[in-house]
Structure formats: C-alpha cells, structure tokens
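Before any questions on how it binds or moves, here is one chain, the form predicted alone, in structure tokens.
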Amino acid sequence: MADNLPKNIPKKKPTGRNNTNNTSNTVRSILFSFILICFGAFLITNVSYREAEKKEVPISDVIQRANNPDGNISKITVVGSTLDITLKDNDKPTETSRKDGAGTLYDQGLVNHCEGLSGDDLKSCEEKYPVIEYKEDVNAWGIVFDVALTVLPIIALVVFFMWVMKQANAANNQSMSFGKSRARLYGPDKKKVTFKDVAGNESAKQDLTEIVDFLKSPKKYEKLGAKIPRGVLLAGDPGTGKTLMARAVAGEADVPFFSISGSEFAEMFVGVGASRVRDLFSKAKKNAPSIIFIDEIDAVAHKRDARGGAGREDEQTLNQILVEMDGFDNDSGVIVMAATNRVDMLDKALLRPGRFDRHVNVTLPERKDRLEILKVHFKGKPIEEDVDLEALAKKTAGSSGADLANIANEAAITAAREGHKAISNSDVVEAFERVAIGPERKSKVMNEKERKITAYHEAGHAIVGHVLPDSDPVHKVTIIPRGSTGGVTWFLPPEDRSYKSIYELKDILARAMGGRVAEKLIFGTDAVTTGASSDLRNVAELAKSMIVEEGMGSETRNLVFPSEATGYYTITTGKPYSEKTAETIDGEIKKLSSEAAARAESVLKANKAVLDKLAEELLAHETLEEAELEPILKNTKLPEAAKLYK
C-alpha cells in the first residue's frame, strides 16, 4: 500500500607505419613460400622426368633388329610417328625412335612377323620377333589431367598458407584494436538536434548558448583575451535530458560530435583505457573544432584515494583524461562535455578550472516546462479534445523528461489496446498511474476481510493528510491493487516547491503512519498486517534524512553527519561517526516516528465517524476522485494534540 506518488517517476596513437610493415612482411613471406613450393615441385617433376627418359635410336636400326630373331626386342608400341621399344630383359620401354618421312612403317621395312598366327605358332614367333602394337595419339585431356595433378596440390598449399597468415594477421590487428576508441561520430550525415528540439530547461540552454557562440565565433572572444572553455559538466537526475542537451550544442554549432560512455574506456587489460582516451582526443583534434561527449563519466572519474594505486586501470584512464584536457596543448579546439548524476563521486582534479570550466545543472522540469515537454511528446499523436495536458503537467511534479515521454507513449499504447481512434483523457490518466505506481492488477482477488483492511488503511492516509495543515491535498484514493501495492492514496502539491519545511516533512511522516494507525484503531493493536511495510520503510528513510542530512533533530539541530560513502571511518564503529553519535541519531529517528504515529492517532480518533464513512465509500466504489472526496472530508477537524506550534 502507498500513501503518495513517488517524487521521481598513455602512448601516442599508433600510426600507419607499423601496419604497413606488418603487411609488407606478410606479402614477402607468402611470395617466398610460393617460390619454395614451386621450386620443390619443379625438382620432383624433373627427377621423375629423368627417371622416365628413353634412349633415342635410329629407325633403321630398330627395323633391322625387329626383323632379326636375335635383335633383343620384345615389344614395339607405335603411337603416331613415335615408336617405344621394350627390350626382352625390361618391363618398360627404354628406347624410342621416330619414323622417317612419309609413308607407313611397312614401307620402311617394319614387318609384323607374327601377324595371322595363333596358338603355339604365335607363342614361338613372339619369342623370336617383337610384338608390334598400334595405339592412338595421346589424348589432350590426359595432358590437362597430368598438369592438374601437378599444379593443384601446389595451389592448395599456397591457399592454405595464405589463410593461415590472414588469420594470424587478423588476430594481431584485433589485439592492437584494444587501444582504439569506440566513440561514435555524429556528423552532418546524422539527424541534427537543436535547442528547438529541447523543451524546458531554459537556464541550462542559456548557459550552453555561450558554448555554441564560442564554437561559431571564437575570434570575437580571442580579441578580448577570453579563452574557450575546455569542458562542460552536465549534472542532473537521470532522464532530465543531459545527453539531448549535448547533442543540441553540437547541432547548433554544426561541428563533429564524438559520443562515448565512461564504461567503454574500461577493459580487462591495464593501459587500454588510457590508450582509448588518447585515440579519442586524437580523432577529435583532427576534426577540430569538435565536441567530445562522455556519458556517465563517473564510471572512470571517481575520486582517487590512498587505497588506490598508480597501476590501477581506472586511475590511469582518469589521469590521461586530465592530461588531455589541460596538458601542454591548450589550443586543440576540442570541447569536452560530460554528463553525470553523481557529481559528489567525481575527482576534484577534474572539476577545477581549466578542466571542466562550466557546471550546468540540468534540473527536473517545472510545471511550465513539463507542459512544453508533454506538448512535444504528444505532437503527432491523435488526441481528443478532452485531453488536459495542463492538468497532467500539474500532476507530474517531480517527473523527469524521460518519465513524461513514457507517459505519452503509454497513453498511445493504452488507446490502441482499447481500440480508440484517438487518445482520450482516460487513456492519459491510466498511463500516468501506470508509470507512477504500476498497472492495475485486476487478476488479484482479495477477500472481504482484506478489502476492508485496505479500505481503512487508505482512508487513514487520506484523512490524516487532509486534516494536517501543511500536507498536500488529497487527489485520489483507490483500493484496487496496482503495481506492488494493495491500494494507493495520492497527494499532489498545488504548486512546485524547491524547499520543504520541517512542518511539511513532519506532516508527511504523520500521514504515512495514518494507514498503520487506522488498522490498529479498527482491528486492534495485535491485528496489524504487513500492508504498511512500505509506509514504515518510507518513514524510516525520511526521518533518517531529516536527522543526518538536513539537521532537523531536536538534539542535533543544525548538525549534519557524513554519509558512509563520503565520510571517514572510525576504527571502533566502522562508520563515519562515533558510537555515541549513532545512538543519538537512532534516538532522534525513533522520536520523529513516534511523534508521527501519535499525531496520526489523535487525528483519526477525533474523526472516527469520517474514517468509517470513507472506508464504506471505498468498499462500495473502490476508487474516489478529488471531487468525490471533498463532501466526505469537509467535516473533519484538527485536534489540539496533532498541532505543531510554530
């Protein structure tokens, strides 16, 4: 259950010389290997050829020996005009000859003595005279096949070797790319964003307009001796539009815009972050005048302390950023913009003049700014006439620009889901409540006892908040489960406020305790439920903030205490303050919580009849708007015990 709407819905850049040398070495290695392979193949082929070389003899000698029974020739193979001679004591041809001139071998006297014989006669003839065979000329495809058998293995070896070298070169390039910056460049080819696209935050835009003028007309300032700011730090809550502001500066100045996140400098290898910083600034200087935007800079620029060390990767990265922003080269024409929502975590060396000269606070939008932002996000969406953007801007106090964009998108989704042709006011209200608290859990079924407990719980919040003089007005009460709550009571401020007094904060504590106190009054002291867990948690957090950060304790008035994240640590307690101080703080928190519960109880006892009436109406209707609550709450009264004397 909830009682209110949350407030906030190293080395220089590697040159091309090394890369060129690596490429040349690779080419030379490939060529040398190719020559070796070809030479080896030539030797193998040459040896094979020599082994198969035949002795050339005259054709007349061959004919004479073939016609002589003692000529020592066992076989003559005739291929075209070539004769291959196999001797009787060999298996392969060892001699070769060519026929002379025209005409057949028969005309030249080569006679096949065994032609026409068979059986024993043929066998006896072949023992004396050679067998003569005639074959067709060599097939051209056979030559191609023989060449392929020799060349293809060589080509395969060369291709394999080149692939291995390519993989090795790729691995080397990948290892070298660790030090390259991963910044994204938004140049003229990207969609330009200007200050017209940024609604609200007029004070921040005014501060940044000077930066744009510096980039456009630097000589105007140089004549008067002014130096261009080196850095601009955009600080503000998440979703307030810091990144959009930076892009608008680049769009207005019409200069290259390098964008990178602080976490992208980090890597598992020491020195990589510093190398990426150098590479980023080197690219920006080549495109000067330009802008470098580092989002979430606190990821690499948090405070250095004695627990660190010169070898830590994050400190090396921070040191390189410091050197690049204010080193010996002060005329680079590069402006560094950074965004963070944790200024307290940044190192002091980064915030001094000469580094981040300008600190621009991008605050949560005020009501008029929220209206302008809503108009931007609802532009282009079909909306009905009953949609009241001014009322929505009033409701969304404490919302960021991202929250408002989300509400507009959720309204369009709701309208589409319901089958509407245009966005209605009911779609906008549902979107607002969905973003603020969560969607309705219509599937959750509560029994009658749970519904009654929830009704009295929410009625207790509403009555205490309505009666106390410094509390915000009640806007809406519902017992329909939404998000993680069983019911919700909204309190909306009538106007935006920059400060809250101690009386307003004490009334917030009392109305937050109203739900638990109402359960105790109706169902008994021992019948309290877990429905008030979130209320009690909020009370404890707000009370602690009042004592520790705001100096609003009765015994610790005007005293604040360091947080555990920023203060020193004592040896005995492990906290940034002593044990005695911790006991005092605990006592002050308990005193505020007890006082809030007592005030809530006095209000509800004095208005018991109204409590019963409001609970009955909630059980009957489940949701009551401000106009429906007014006649029920008009008869309430403020008891003396609940007053704070100012």
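Start at 1 and count along the sequence shown; that's the residue number. These figures come from a predicted structure and were not determined experimentally.
Below, we refer to the form predicted together with a small molecule, which is not included among the displayed structures.
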In the predicted bound form, segment of 195 to 203, 68 to 76, 468 to 476, 115 to 123 with a heavy atom within 4.5 Å of the small molecule: 195 to 203
Residue contact check: Arg230 to the small molecule in the predicted bound form, 4.5 Å heavy atom: no
Contact test in the predicted bound form: Glu440 vs the small molecule, heavy atoms, 4.5 Å: no
Proximity of Gly486 to the small molecule in the predicted bound form, heavy atoms at 4.5 Å: no
His377 within 4.5 Å of the small molecule in the predicted bound form, heavy atoms: yes
The unique member of Glu550, Asp254, Glu95, Asp237 whose heavy atoms fall within 4.5 Å of the small molecule in the predicted bound form: Asp237
In the predicted bound form, the residue from Leu559, Leu505, Val343, Leu244 that sits within 4.5 Å of the small molecule by heavy atoms: Leu244
